[in-house]
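Just one chain follows, in the form predicted on its own, and it is written as structure tokens.
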Amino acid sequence: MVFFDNNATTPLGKNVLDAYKVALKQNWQNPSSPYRESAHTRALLEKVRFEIATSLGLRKNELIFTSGATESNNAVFAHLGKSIKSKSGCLISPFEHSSVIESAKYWFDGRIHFLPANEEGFVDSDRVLDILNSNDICLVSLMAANNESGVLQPWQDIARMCSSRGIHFHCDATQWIGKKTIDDFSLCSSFSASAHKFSGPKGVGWLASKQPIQMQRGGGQEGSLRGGTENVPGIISLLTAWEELKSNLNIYRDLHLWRDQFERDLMNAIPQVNILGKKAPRLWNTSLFVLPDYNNLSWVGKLDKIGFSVSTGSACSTDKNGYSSISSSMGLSENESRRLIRVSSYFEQTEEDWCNLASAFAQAYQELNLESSESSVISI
């Protein structure tokens, strides 16, 4: 099976798995305990914190280990929602991850403003300035790269705008980190990441913040900001994934050519395919498109039988009606949304895998057409 759903999660790296096993066996002690073996485990944990913080241009105490970006995003909105006493609002994009959108609805109910975006799903930073100047805003949150379309956002520019006005700027960097260079994140007031997006273990990530963000009480862990015993094996193996990631980032620059050729082959094989965000800057690994016929689950099932794992988009960004935020923000109808497919590679996928994926879509289209012609049920 060839895996093309890496924006959802990446497979655990082999060296990462080895590091995790060693940590489970050798570093099982509670890092908060006073004896010598625990002190050694605590030192390893702090080494990971220092290594990651330093490579991101941060101080060590600005990095809090969490269960991942969803927890981290929630923490930022909860902290500011409780600590800001005024009626200040927040400014978010209409296609943020649900952990941002739902947190904004809870903590800033009736005070949410939306960043303006064009039909490609790209935020217009020039218009953001007008919003900041004409509204009382205490928090701006913008994802660095969209998890469904792969469109890259001008988060650096907006971070600078917020900094000059004393506004907290939060960036959900979950999809960016692991696929693009890690410069400039020191511009953010805070940002979040998840290890399983760059071949690390699930259930571990971080919140980086220049100001203390109170997350969980009841313990002295993580500078007394997030109580609870740390996931030491996850954190230690996270560092292994991080070190491998930094070496891989030197080779990603031309990988978008494979994706681009796939899209050309797909459009040749299946007329009227609509590639979303095609004219905007995108992650090199991601393609999101609307197919002209048949429900996306039918496509997923066919491709699975052929030997390829693809996605209907992000399960986390789909509302109760099955209509994703990126669909509505890019002007898709509900019918079009049901024909939406996302494919996303990582460093393990080859040029040949991309070529074979295009052929698999062509084969699936032929089989679906044949089944449709033999059935009295009309497929949409």
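Everything numeric here is computed off the predicted structure, so don't read it as measured data. From 1 onward, residues are counted along the sequence shown.
Another form exists, predicted together with a small molecule; not displayed. Remarks below refer to it.
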Segment assignment from 195 to 203, 278 to 286, 298 to 306, 161 to 169: heavy atom within 4.5 Å of the small molecule in the predicted bound form: 195 to 203
So which of 153, 190, 175, 149 reaches within 4.5 angstroms of the small molecule in the predicted bound form, heavy atom to heavy atom? 175
Though the small molecule is not shown, can you say which of 41, 312, 70, 329 has a heavy atom within 4.5 Å of it in the predicted bound form? 70
Closest heavy atom of residue 99 to the small molecule in the predicted bound form, within 4.5 Å or not? yes
Do residue 143 and the small molecule come within 4.5 Å of each other in the predicted bound form, heavy atoms counted? yes
